[in-house]
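Presented as structure tokens, the chain that follows is alone, the form predicted on its own.
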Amino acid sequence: MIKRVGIGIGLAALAAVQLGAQEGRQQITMPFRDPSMPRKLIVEGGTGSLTIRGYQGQDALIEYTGREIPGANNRRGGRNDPPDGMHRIGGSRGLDITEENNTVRVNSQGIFGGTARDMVIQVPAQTSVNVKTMFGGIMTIENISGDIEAENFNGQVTINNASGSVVAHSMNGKILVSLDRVAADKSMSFSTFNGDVDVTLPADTKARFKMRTDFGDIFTDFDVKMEANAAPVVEEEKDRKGKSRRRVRVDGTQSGTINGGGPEMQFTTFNGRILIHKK
């Protein structure tokens, strides 16, 4: 059985979901089916900033506020300019929220236009979080002890006071992560194409680092026992004209261990620094 919220027709008929409004801000309360079982939050799509925060309650609280995007008309070739004699009175996106098997899924529909939706979602701290946005602003996740998978295609990812495993990725934005505890048996990954990867770990973390930056440097205050670089790879191949040639590839990845080693942690950026701090 699925609890579903569609912003619009039929919302008032769902007694399990509460909707409130204050100064243009809307809030939806979506209960998890079984508070005694593991919970999961999935967020997909949307434009605007997104904050996910752990709290001491039992339900998922979803707040959202619409706003205009500065310069959106110019980027879309004036498509959103008001016709002569008219003015804008709306243009927000749809929102679809479901609960099934203790998983709350938030689908923020629509990615183009002159308006964005900023969201703040609160869930119990032990909730696992899986979030993916395409054209959002800053993504912030804090006070979560469950596992985190976060992907912000065009924007920064910030994770604070986390204590589960973390996979964080951006195509165009900084990765900024601070962990209170590190799971002893789970690998992690922190990557971006364009931006710094800045991660803070507890001082007693046991891990094996795999680090690569093509245009940047790597810094840390941990005592890292570096490993020998991988041997060059020799390949026989053919060029576009079918002529044979030999290529030697040298992988720029560097590896090392801290506190005797442990689960693998990958730190990757193409254009930026890697900073690994001791908490």
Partner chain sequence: MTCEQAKPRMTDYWSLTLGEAEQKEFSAHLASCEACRSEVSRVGALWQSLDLLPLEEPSGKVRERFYEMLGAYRQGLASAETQPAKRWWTMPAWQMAAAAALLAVGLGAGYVARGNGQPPAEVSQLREEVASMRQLVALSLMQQQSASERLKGVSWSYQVEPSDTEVLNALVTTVNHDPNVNVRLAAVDALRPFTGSPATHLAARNAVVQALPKETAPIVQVALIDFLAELKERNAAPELRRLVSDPDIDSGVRKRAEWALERMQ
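Residue numbers count along the first chain shown, from 1. Note that the coordinates shown come from a computational prediction; the quantities given were computed from them, not determined experimentally.
Just so you know, the form predicted in complex with its partner chain exists too; it's not on screen, but the next bit is about it.
A residue is said to contact a partner when one of its heavy atoms sits within 4.5 Å of a partner heavy atom; G262 meets this definition for its partner chain in the predicted complex. Among heavy atoms of M188, some come within 4.5 Å of its partner chain in the predicted complex.
Contact check for D147: a non-hydrogen atom falls within 4.5 Å of its partner chain in the predicted complex. Of the heavy atoms in S255, none are within 4.5 Å of its partner chain in the predicted complex.
Stretch-level contact check against its partner chain in the predicted complex with heavy atoms at 4.5 Å: of 154 to 162, 117 to 125, 138 to 146, 190 to 198, the positive one is 190 to 198. Comment: its partner chain is not present in this chain, but in the predicted complex one of A168, V104, V182, L95 has a heavy atom within 4.5 Å of it, namely A168. Contacts with its partner chain in the predicted complex, taken as any heavy atom within 4.5 Å, map within 195 to 209 to K206 alone.
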